[in-house]
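Form predicted alone, single chain, as C-alpha cells, below.
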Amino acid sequence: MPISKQAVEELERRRAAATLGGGQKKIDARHNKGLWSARERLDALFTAGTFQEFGLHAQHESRQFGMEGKDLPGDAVVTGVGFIDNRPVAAFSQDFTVAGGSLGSKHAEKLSLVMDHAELSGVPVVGFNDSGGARIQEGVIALSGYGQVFNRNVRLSGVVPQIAVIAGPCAGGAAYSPALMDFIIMIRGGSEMFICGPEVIRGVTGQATSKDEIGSADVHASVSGNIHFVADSEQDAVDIVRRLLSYLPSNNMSEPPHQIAPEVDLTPDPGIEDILPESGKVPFDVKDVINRLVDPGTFLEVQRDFAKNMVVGFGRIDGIVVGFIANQPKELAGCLDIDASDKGARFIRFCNAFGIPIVNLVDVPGFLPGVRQERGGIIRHGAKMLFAYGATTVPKITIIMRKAYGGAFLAMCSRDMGADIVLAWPAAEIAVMGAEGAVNILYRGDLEKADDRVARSRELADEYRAHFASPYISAGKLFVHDVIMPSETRGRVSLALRTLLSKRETRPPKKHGNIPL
C-alpha cells in the first residue's frame, strides 16, 4: 500500500532533526574553532553516498537529574558502515554537540553494535573520539557501557584493524578504548587525552600542571608514546586514516592489499651505497635506506617522534606490503632501550596478527647501558623484542647493515630468532661485542705491556674484526644466508618476499604465550 504523505514528512522531519545533532548554532560554533561535526568527519572519511547509519533514531534512557524528556539525538554518537577505496569499514563518531558527546547506555550499545558488526563482517573499525566521558546522570550504567566497549576492543584485537582518532576531549576511562586499539591519531591543538586532568592532579598531589603538559598530541607523540600519528587538521587526520588502511588487510583471515608488480626489479641501486659513511662509527639516517628500498613515496612511518632510535613503519617493495623495523644510528647510535623495545615489539606483533611481512634493518651496538635503563626494567622490556620475534610466523627478512652485537643482534631477529632470510653487507660486524670492548677484555695483559697502548689496541681490534666479527664468519656458519652489496638489497629483498608469501608455519596449540609485559 502507498505510504502516506504524513508518514513521509514525519520520517523526513525526524531525519533532519537527528542529523543536526545539537543544532546548527553548536555546529557553527565548532566551525569557528576549526572543528568539524561528527557527521562531517564521517562524510570526509567515506566514499560519498556509501555510509549506512546504525541507530539514527536512538534515544537516551536517562531518567534522573532533569534528563527525562530531553532530546539527545542519536545519544551523542553516529555509527555505521561505509566504503573507503571500495572496501567496507565500520566507524563511529562521537557528537560533542549533544551532551558533550557523553557516553550513556544507548551510546555504548550503539558502539557495541557497530563493533559486533565489524567482527562478524571482518571489517576494520575507525573511531572518532570527541567526548566529555561517562554521562554522570546515568551513574554506574555509563561505567558498564565503557566495560562493554573495552571488552569488544579486546575481542576485536588481532581480528580486525582498529584505528582511533582523538578529535576532541578524551579523558578518564574514555581514554582506554583508544589505548586498546591498534593505532591512535591525534589532532594537534584540537584534542586532549589523559586519565587525570590538571585539577585532579593538583588536588591529590599538589602538583601544578596544564592540559598541554600532560595531554596534548605532541606530548603523547614524543614523551608518553601513547599515540602513533599527529594530525595538523581534521582533514589531515582523515587522510592519515585512509593512507594507513591502504596497507592493512580487512581482517586477520585476509591477505594484505599487495599490488604485486608483474616482474621483480633487480636493477642495482648504487645510490644506497652513497648513504653509508666510510667509518662505521659515523651515524647515518636509516630512513634514507628505507626510502631507497621501498617503492617511491610509499613509506609511512609510525610513531615518528617516540623512541627515535628505532624506526618502524609500512611500505611497499615492488608492490608487496611490508613492515619495517630499523635501528636508527643517528639516535643513541641505534641502541635498543626501554622505549625502543616497546615500540618495536608492539609493531612486530601487529604485523604478525595481520599477515604483513617484516623487513629488519640492523645497525645495533647493543642495549643502551645505564643505571636508569637497568632500574627501569630493560631486561623485561628488551625481552619483549625477543618474544615478539620468536612468536611471529609471518615472513621475516633481516639485513645486517653494519653492527650487530650481543643480545641486541638476537633481539633484531637473527636466524635463530626466526628470520627466514638473513643478508649482510660486506662491512657488517657480527659478534658477541664490539671489537674495542672485546680487545680490552681478551688482551688486557698485552695492552698493559704495549709501548703505544692506543696503536696496539687499534691493531688488535682490526685483527678481532677480521677473525671474529666478519660477516663471512657468520655466513660460513650459516647464521647469514649471503653477503651482498648494498646496491643489491632491494632486488634481493623483493625476490625473498615473493618466495615467502606462501609461507605457512604452525605452532603448538595454546591459548597464548605470556609476553613479559
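So that there is no doubt, residue numbering starts at 1 and follows the sequence shown. If you're wondering where the values come from, they're calculated on a predicted model, not measured in any experiment.
Beyond the structure shown, there is the form predicted together with a small molecule, which is absent from this document and is the topic of what follows.
Peer 1: Would A208 show up as a contact with the small molecule in the predicted complex if we use heavy atoms at 4.5 Å?
Peer 2: Contact with the small molecule, no.
Peer 1: Can you tell me if M181 lies within 4.5 angstroms of the small molecule in the predicted complex, counting non-hydrogen atoms only?
Peer 2: No.
Peer 1: Would I136 count as touching the small molecule in the predicted complex under a 4.5 Å heavy atom rule?
Peer 2: Yes, contact at 4.5 Å.
Peer 1: R458 near the small molecule in the predicted complex, any heavy atom under 4.5 Å?
Peer 2: Heavy-atom contact with the small molecule at 4.5 Å: absent for R458.
Peer 1: The small molecule isn't shown here, but in the predicted complex which of G145, G313, G132, P249 has a heavy atom within 4.5 Å of it?
Peer 2: After the contact test, the surviving option is G132.
Peer 1: Quick one: of G418, G122, G172, G158, which gets a non-hydrogen atom within 4.5 angstroms of the small molecule in the predicted complex?
Peer 2: Looking at G418, G122, G172, G158 one by one, just G172 meets the 4.5 Å heavy-atom criterion.
Peer 1: Within 4.5 Å, heavy atoms only, one stretch in 228-236, 91-99, 381-389, 408-416 touches the small molecule in the predicted complex. Which?
Peer 2: Going through the listed ranges, the match is 91-99.
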